[in-house]
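Next up: just one chain, as structure tokens, the form predicted on its own.
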């Protein structure tokens, strides 16, 4: 079940883990178990959504991201601020203050991801005009959603929009501009994304739809925020922003769908909600939809665990700062989508299969159901698995036993006690 080829930005500090089952019950892909009093992450199943980080009361789950010192590795650095960054500050009326502060922080250039988002929106509108596409088209912007579809909803892979996310597009375009301006090689230029969630870190390390990402590093918004607060006070005036409402709106749920200008769309956020939507799409319960926007984090990217502000407050702040921006500032120069489309197709990852041999898998499924029928169906999580079905699957896979269920263990103890009592009744009394 373990996959060592896949990079994960969500990690576990076992020293801090207390063995509670908060993360086990909340993981959308059942990728966590508690064994021997400590949590374990089944890496093949993890989608790096960060939900376990959000719910862990002991801070045993954490996200890997790059340190600030990554800027020192390059001769020329480009900051790629996510739209969610703009929703973290109080009383912000001018985005240029943030962009200028990033330059004061040491970056040589700033390229807004919101700017690339407007280009991706335009590319999506042109892609949606194709007669041969499978509808509804599902957004490819959230890496956690893409990973979820790959491991759990393979039938929906043809529906995924094969266009690179704004983060990747921003990095490619920014480097191209910088190379033309400075004469430096691509290796000398570092494109550093300032992002809201661990899934974006994973996407930068393992590009979906291509061989290698143009993003050279990812800084967490929560790490950059304290530096920007002080530097923004030193900024007098600047005119750096080249993004409008449409691009900035991508930072919260529904922003992408609004920018794509589709009337028949659905926008959902939060892991549990998107799983429900994907199940309904798989069962063909939605009719007449053209576009589906899904964000694993509640509220959209503003709900990422690497932010500092409450997602719903950040959403209001993002809406406030958008009022002072033009509708849109960026469009594709022509109808050529070659620079935006994936170079590699999305592939199914059969990490949830019981066995590659269909006949063997069916036998294991039959055995799994038999085991599950003998369990109590309480889904209490005391066994370290999220449900009785998950425990039955673990037993079939050979990584757990039925007596991991405390109720089954209780039954065994009671039977043993009865046997001892019966034995005691037939034992001859010791002579005085």
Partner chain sequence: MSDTIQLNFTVPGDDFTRAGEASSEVKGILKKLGLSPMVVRKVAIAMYEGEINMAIHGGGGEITVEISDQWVQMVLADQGPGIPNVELAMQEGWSTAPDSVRNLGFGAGMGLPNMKKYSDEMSIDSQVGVGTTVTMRVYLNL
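Positions refer to the first chain, counted from 1. All values derive from a computational prediction rather than experimental measurement.
Unshown form predicted in complex with the partner chain; subsequent notes refer to it.
Contact of residue 225 with the partner chain in the model of the complex (heavy atom, 4.5 Å): Although the partner chain is absent here, residue 225 would stay clear of it in the model of the complex, with no heavy atoms inside 4.5 Å.
Could you confirm whether residue 38 comes within 4.5 Å of the partner chain in the model of the complex, counting heavy atoms only? The answer is no: residue 38 has no heavy atom within 4.5 Å of the partner chain.
Is it the case that residue 73, even though its partner is missing from this view, gets within 4.5 Å of the partner chain in the model of the complex, heavy atoms only? Answer no; every heavy atom of residue 73 is more than 4.5 Å from the partner chain in the model of the complex.
Even though the partner isn't displayed, in the model of the complex is residue 282 close enough to the partner chain, meaning a heavy atom within 4.5 Å? Residue 282: contacts the partner chain in the model of the complex.
239, 353, 177, 186 - the one with a heavy atom within 4.5 Å of the partner chain in the model of the complex: Exactly one residue meets the criterion: 353.
Heavy atom within 4.5 Å of the partner chain in the model of the complex: which of 261, 313, 362, 327 fits that? Just give me the one. Going through each option in turn, the one that passes is 362.
Triple contact flag 153, 366 and 389 to the partner chain in the model of the complex, non-hydrogen atom at 4.5 angstroms: Every listed residue reaches the partner chain in the model of the complex, so yes.
Using a 4.5 Å heavy atom cut-off, indicate which stretch of 204-212, 282-290, 228-236, 303-311 touches the partner chain in the model of the complex. Going by heavy atoms within 4.5 Å, the stretch is 282-290.
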